[in-house]
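Only one chain is shown below, in structure tokens, and it's the form predicted on its own.
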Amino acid sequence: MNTPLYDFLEKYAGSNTLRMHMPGHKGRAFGNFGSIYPYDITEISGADSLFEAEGVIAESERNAASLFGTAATLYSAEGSTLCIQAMLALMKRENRHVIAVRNVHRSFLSACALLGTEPEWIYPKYTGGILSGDADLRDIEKALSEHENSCLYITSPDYLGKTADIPAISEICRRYGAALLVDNAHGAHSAFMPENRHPIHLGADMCCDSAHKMLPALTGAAYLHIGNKRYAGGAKTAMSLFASTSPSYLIMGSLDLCNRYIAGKIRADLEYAVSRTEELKRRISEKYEVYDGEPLHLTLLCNGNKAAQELRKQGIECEYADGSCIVLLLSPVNTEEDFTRLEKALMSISPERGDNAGIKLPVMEKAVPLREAVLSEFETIPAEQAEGRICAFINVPCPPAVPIAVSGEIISRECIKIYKRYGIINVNVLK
């Protein structure tokens, strides 16, 4: 597949042009990152413009759309966060009531605060602390039936790798005229599995993919995929509401190169990686309880903090760990050496039992609107002293960035126990 954006960067980097434009480094090498500086440019002649794309960026985005099988695919140099903001802005334009399964990423809450959106929550049946669970289809249908002009927002795969029944959910959404939005940040590879499991293929109207999470792209590289053509025309303007006017050409160039990888190698590499990960799961199952999720998430239910410490001693860093699990992310580019090294390390550990039993988020009471709480004055106090106070700007580390109390909600005693469980010592509350 051609790479029009990367080819332009390559040509310009070797052109010996006197750069009387941004960035200030002028394409000259600095430090150990020296080789990338010549490729870091701005919207010069011929380089196109991300949110008014008509040239090399537009061509590259069309390549991506053809690979993913979408009505349109748009680039983000600001991760899935920008894509989530754009999706919710498009829902705001249609004045849709936003219904969301509760284990959202905090970027969803930030977008709601910026847009003045008050989401209605569906609480899942938690199976992996507050990070993971299943939403009951009956709860989804009930919520949609109560609002004529709605959208449903779900996270699939969730942080531990569990996937939702998107075909069934999309059918319910169509029945009630609701738009289906999917945070597929951890599932960009799913379109290229032997059985296409990408949300757009399964019926979603829009979704975001973080290319940098599971594909060979630079951090911050993401896609906004559009399955419903009605949203294609306004998506760029929705993105530009929130985005930097100076998107990184390095990040966009990495998406362009990712297209070439997808077109040429990903299916064979994925077949190997999935097969090898399944084999790894079988081999370590005598020592570990493996959480059920999408194929390249290796989530082990154990004292993840202790397991992570032991892996670090052997030069292996995990995606996430807490007292109940450890998450290890594989990708299509992992090698046999990687799998062998990981298996050897995991088998050398004596895993301790995790403390996941009974952890679930209680139904929370809202006291003030989310936007008001986010933008109000607050104070930071010990979590132990927060009972009865109203949550201001949320306290949650990334990863996993799944909120406990949402801005505007009253912090309960049960909530404080969960803060403690996830190592959150201080919380922000309204003054």
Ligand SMILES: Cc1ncc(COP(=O)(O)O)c(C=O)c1O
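Numbering starts at 1 and follows the sequence shown. Please read all numbers here as calculations on a predicted model, not as lab measurements.
Heads up, the form predicted in complex with the ligand isn't pictured, but that's what we're talking about next.
Of the stretches 74-82, 137-145, 92-100, 195-203, only 74-82 has residues with a heavy atom within 4.5 Å of the ligand in the predicted complex.
Using a 4.5 angstroms heavy atom cutoff to the ligand in the predicted complex, all of 159, 210 and 213 count as contacting. Proximity to the ligand in the predicted complex, taken as a non-hydrogen atom within 4.5 angstroms, holds for one residue of 252, 300, 111, 185, which is 185.
Among 163, 170, 132, 107, the residue placing a heavy atom within 4.5 Å of the ligand in the predicted complex is 107.
Contact annotation: residue 190 falls outside 4.5 Å of the ligand in the predicted complex, judged by heavy atom distances.
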